[in-house]
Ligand code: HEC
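Given as structure tokens, the chain that follows is alone and in the form predicted alone.
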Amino acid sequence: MKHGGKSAQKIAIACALLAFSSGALAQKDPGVRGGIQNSGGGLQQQGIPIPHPPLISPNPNTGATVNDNERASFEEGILRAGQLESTCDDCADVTDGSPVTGAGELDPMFPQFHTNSNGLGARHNADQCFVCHAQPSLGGSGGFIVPNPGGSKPLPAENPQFRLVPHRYGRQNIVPSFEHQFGPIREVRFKRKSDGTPDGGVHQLWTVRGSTNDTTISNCALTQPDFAAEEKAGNLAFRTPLQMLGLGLIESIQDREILAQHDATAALRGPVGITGHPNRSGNDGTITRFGWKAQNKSITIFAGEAYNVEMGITNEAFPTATEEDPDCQGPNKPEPNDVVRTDATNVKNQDFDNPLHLMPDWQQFQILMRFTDGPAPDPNPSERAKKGKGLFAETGCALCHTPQMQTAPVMNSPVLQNRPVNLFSDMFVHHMGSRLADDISQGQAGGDEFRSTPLWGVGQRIFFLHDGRTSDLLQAIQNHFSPATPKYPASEANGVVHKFNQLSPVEKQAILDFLRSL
């Protein structure tokens, strides 16, 4: 009995050591770099403004910097993107135009809680640009926002689609079950129309019914789509906001650079089953590159579409409202609404001879994106993260997530030309299989195809994949694997995911640490 007791004790100790060893070696996503409380909504709770988008850094090859006009337009773009939209030209809480401090500097407060712009559509997903782009700085991806901006006791930051946007000014919206208090911001597309034919379009979450600040639409009786019924029928496809950081740099990459980078890896891609193809414009045949399926050609098109689709604001690029119900538009609302101002007086023109006020908000927004710097990586990555960079390439992750490309050799803005872009994307769309498929086709991207999302800035993102299904990087990697089905081919990432799974826990951890350093 005494000997048996010692044996049992040794076995117990061995098991405990093994368990400890396994736990110590088990790979784990280290989480948002810096923590959520050090960015986005966390800063608001601490009474510290969310950081502004970073101005593009000097060109590392030439030393060129933005000129005075570019900087002024970039800063004006920040102010325009932060404005809270009202539904009519005459019902803003404060005077139209950009808010400034007494010293004439950028207003550090966000989100705005007084309307100081106009044009909000009868149907919309958001009422200001930055409400969906605030993590870890303004211009980033979707994050959390305090639900009672301007209140004396700020509440903990949360998904702005849970309380803030749907009920602003007493609007009578029902929050769908897929918008969780501390979950991702989700935009909704329907896969099919009621007759069974393909849909694919955005169906806005909110209406202006019940607005208390606009007496011209008091008879608005719009109702929301029946999201519950569509969800039960499996007809919903979700998209989460992508970051705006560095988009001007990505736009400045020539097609031939994208194609050359892809061709250079052909011998390595073949053995692991990676092909991919560009999505292309139906007008000129050039490579489109913005959005989850690379469906948009330029940040200008993206800006005009975002204003109309996400906020319902009509403009020169998208002049027709997504909802034209007269009872919900008001009798005096011009359409298109956000346009170049050519009025004879300054009542709405805000000084015709001032180019910053002549230009409409949506165009100022695209200039903001053009001169916003790319996400900054960790300046002091750990030794394990440095090792992970090599493993990232060896495992094959870099075959789709191309670490670096170069912008065009000559551009009108010297700060953008001939400089490296550390985007970690090949700008191609790839078959990802049924596990990630959303059954939405856009351009030449099919129902299971997605653009290789640029990974720069991934270290400070909260939610991953097109529908925000996980906040765990390890789970995001595993979700890249999908076998072939009768409807869709196997994921092109299967070979790389298999190689990742063959790594030791220490090596997997190194890759996760590297990703969080980006």
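Everything numeric here is computed off the predicted structure, so don't read it as measured data. Numbers for residues come from their place in the sequence shown, where the first is 1.
In what follows, reference is made to the form predicted in complex with this ligand, a form of this protein that is not presented.
Student: Within 4.5 Å, heavy atoms only: does A385 come near this ligand in the predicted complex?
Tutor: No, A385 is distant from the partner.
Student: Do F464 and this ligand come within 4.5 Å of each other in the predicted complex, heavy atoms counted?
Tutor: Within the cut-off, so yes.
Student: Does N125 make contact with this ligand in the predicted complex, using a 4.5 Å heavy atom cut-off?
Tutor: Taking the distances in the predicted complex, the answer for N125 is yes, it comes within 4.5 Å of this ligand.
Student: Determine whether any heavy atom of F144 comes within 4.5 Å of a heavy atom of this ligand in the predicted complex, and answer yes or no.
Tutor: Judged by the heavy-atom cut-off of 4.5 Å, F144 is well away from this ligand in the predicted complex.
Student: Quick one: find which of 219-227, 70-78, 284-292, 370-378 has residues within 4.5 Å of this ligand in the predicted complex by heavy atom distance.
Tutor: Heavy atoms within 4.5 Å of this ligand in the predicted complex occur in 284-292.
Student: So this ligand isn't shown here. In the predicted complex, which residue out of L423, C397, C328, A445 has a non-hydrogen atom within 4.5 Å of it?
Tutor: Of the candidates L423, C397, C328, A445, C397 is the one lying within 4.5 Å of this ligand in the predicted complex.
Student: K297, K333, R168, H430: which sits within 4.5 Å of this ligand in the predicted complex by any heavy atom?
Tutor: Contact with this ligand in the predicted complex is made by H430 alone.
Student: May I ask you to list the residues of 473-507 that have any heavy atom within 4.5 angstroms of this ligand in the predicted complex, in sequence order?
Tutor: Stretch hits, in order: L473, A476, I477, H480, E492, A493, V496, F500.
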